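This document opens with one chain alone, in structure tokens, the form predicted on its own.
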Amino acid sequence: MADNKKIRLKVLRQDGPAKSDSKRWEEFEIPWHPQMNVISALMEIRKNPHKADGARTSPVAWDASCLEEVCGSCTMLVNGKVRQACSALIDKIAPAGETITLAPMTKFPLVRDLIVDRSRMFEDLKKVKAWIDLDGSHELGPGPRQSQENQETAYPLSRCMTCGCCLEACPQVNDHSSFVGPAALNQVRLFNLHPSGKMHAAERLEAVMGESGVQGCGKAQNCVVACPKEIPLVDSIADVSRQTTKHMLFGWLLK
């Protein structure tokens, strides 16, 4: 009967970021409820933190905020695939009652259990000047109009929630590479498209012209597959690559 149905989760745990905090797998068995997602399953564990063998343990630590696949904070590996835990429905990821495995992302520093530190993404946004500068607080008059075509191109790019899925899926993002990743390059394209953002297009392009920039992309295209918002990341990287080439050849004319 549905009332007696159980869910089994296998969670990769680590008490802290230090190497002395060893990793371990813990298994949990909780009651099934209709329309459960991974977050609600973790909340069920938190109510009564006992492992499947009955031994008491500490509650699993995870990160979440909006629960609407908007904030990006609950990104983790669910059954080995990077995705948001809030949109991972139990009945879809384990329709036959299979054990669900949960693990933290591997491309970011671990904080504890399923929580990672995504600060590198925010630092990369600073590097590429991912914002529109305003010259003081005085009245500047109406800004340049944004065409309908420009808006239609820019909107999909603006859906990025800095979740980290693209970096996790990218083989070029690793301990031996300084590649900024697809998310930051997508933001270069987005803000260079904006009529006001074009004022600082050269600065953004120069920020991604080194080894850590667009040259670091290996064209694996894993990012566009992993992106939960279906952002055309490959198109963005190709567009930024063309922009940097033009800037390298003809940018001196604008100085």
Partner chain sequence: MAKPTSIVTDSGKVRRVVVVGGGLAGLTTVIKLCEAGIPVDLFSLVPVKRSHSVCAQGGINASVNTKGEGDSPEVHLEETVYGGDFLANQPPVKGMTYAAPGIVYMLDRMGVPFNRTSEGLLDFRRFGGTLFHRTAFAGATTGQQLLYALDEQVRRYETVEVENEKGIAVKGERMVRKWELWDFLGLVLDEGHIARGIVAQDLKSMEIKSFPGEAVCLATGGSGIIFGKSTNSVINTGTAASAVYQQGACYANGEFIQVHPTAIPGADKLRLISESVRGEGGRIWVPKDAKEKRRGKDVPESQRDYFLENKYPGYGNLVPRDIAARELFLKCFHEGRGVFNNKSGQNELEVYLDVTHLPKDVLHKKLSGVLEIYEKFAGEDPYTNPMRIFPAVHYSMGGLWVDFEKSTDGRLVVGSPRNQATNIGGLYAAGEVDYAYHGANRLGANSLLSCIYGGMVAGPAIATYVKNLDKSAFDVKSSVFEKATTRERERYSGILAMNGTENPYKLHEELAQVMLRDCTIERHNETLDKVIAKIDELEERSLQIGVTDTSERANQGAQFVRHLKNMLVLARVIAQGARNRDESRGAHFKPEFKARDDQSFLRTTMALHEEGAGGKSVVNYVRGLDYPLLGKSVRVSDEVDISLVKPRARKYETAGAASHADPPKESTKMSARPQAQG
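Here the structure is a predicted model, which is why all the values come from computation and not from measurement. Residue numbers count along the first chain shown, from 1.
What follows is about the form predicted in complex with its partner chain, which we do not show.
Based on heavy atom distances of 4.5 Å or less, which listed stretch (205-213, 23-31, 45-53, 218-226) is in contact with its partner chain in the predicted complex? Stretch 45-53 is the one.
Contact assignment for its partner chain in the predicted complex, among Q146, T99, S177, T106, heavy atom within 4.5 Å: Checked against the cut-off, the match is Q146.
G141: touches its partner chain in the predicted complex, heavy atom cutoff 4.5 angstroms: Yes, G141 lies within 4.5 Å of its partner chain in the predicted complex.
My question is simply whether K126 lines the interface with its partner chain in the predicted complex - judged by any non-hydrogen atom within 4.5 Å. Judged by the heavy-atom cut-off of 4.5 Å, K126 is in contact with its partner chain in the predicted complex.
How about N79: is it within 4.5 Å of its partner chain in the predicted complex, going by heavy atoms? Although its partner chain is absent here, N79 would stay clear of it in the predicted complex, with no heavy atoms inside 4.5 Å.
Quick one: is L193 in contact with its partner chain in the predicted complex, heavy atoms, 4.5 Å cut-off? No, L193 stays farther than 4.5 Å from its partner chain in the predicted complex.
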